[in-house]
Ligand code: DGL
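We begin with a single chain expressed as structure tokens, specifically the form predicted on its own.
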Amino acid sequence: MKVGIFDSGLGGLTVVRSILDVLKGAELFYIADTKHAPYGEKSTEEILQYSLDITDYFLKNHHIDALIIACNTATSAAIATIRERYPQLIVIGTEPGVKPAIEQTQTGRVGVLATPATLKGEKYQQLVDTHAKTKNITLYEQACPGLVDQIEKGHIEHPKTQAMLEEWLAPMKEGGVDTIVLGCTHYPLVGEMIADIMEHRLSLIHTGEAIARRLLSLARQRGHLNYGETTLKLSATGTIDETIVHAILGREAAIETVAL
């Protein structure tokens, strides 16, 4: 099983980490499209083109069996087109965990942190329309422009990052939010800071584990036996902070530059 995984930067590595925990005997190829990051502030047309270019690269150079779009924004912009264009591929996207958040909340107050593009996207609106009506839910939606940039720079525990999050989380804290959807694969990297700022028992919902389980299920349907060593090859289209890569994955990993 050969699996291509991509995101605009480091965030998708939180998904890779979950896949490494469950998928055995596979070859994983990850591209951080740092040249075009952050996706959340680009147009839908631009994000679609980046996603198609990366998919073509994976198919041409690595002959992948499965594609993981480890980015909420790119999923919203590109997954339908990719599935239509490449019907032979297993294609798994990333979407905000609105459903599990609504199922888990005790107070009925749910926060959503996401990129501007994700909150405006049709997929997110469909999720809210479908699931928020199942219970008496108050949603606190917050776009987080600039947060991905801070994380990509390695400023995870930086005063500026803390100040940004404190401002965005203030209405959620005051409103008694007990469950927050991390609507970007980068955001688990500041999960501890979010929990500290909220200062009360809190559920943080992110989707890496669910994606890994779904991939394993679909791989097995195609005859994957799930034993043996799994390898990982990391690439980036621009600059990338290798120290954060190692911190996320808990292992040393060489990173090569690819031109896309």
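Numbers follow the displayed sequence, beginning with 1. Please read these numbers as outputs of a predicted model, since none were measured by experiment.
Below, we refer to the form predicted in complex with D-glutamic acid (DGL), which is not included among the displayed structures.
The stretch among 66-74, 49-57, 190-198, 231-239 whose residues place heavy atoms within 4.5 Å of D-glutamic acid (DGL) in the predicted bound form is 66-74. The shortest heavy atom separation between G208 and D-glutamic acid (DGL) in the predicted bound form exceeds 4.5 Å.
A residue is said to contact a partner when one of its heavy atoms sits within 4.5 Å of a partner heavy atom; V110 fails this definition for D-glutamic acid (DGL) in the predicted bound form, lying far away.
For the chain shown alone, V148 is a contact residue for D-glutamic acid (DGL) in the predicted bound form, at least one non-hydrogen atom being within 4.5 angstroms. Proximity of C184 to D-glutamic acid (DGL) in the predicted bound form: non-hydrogen atoms within 4.5 Å are present. Within 4.5 angstroms of D-glutamic acid (DGL) in the predicted bound form, the stretch 31-56 places a non-hydrogen atom from each of P38, Y39, G40, taken in sequence order.
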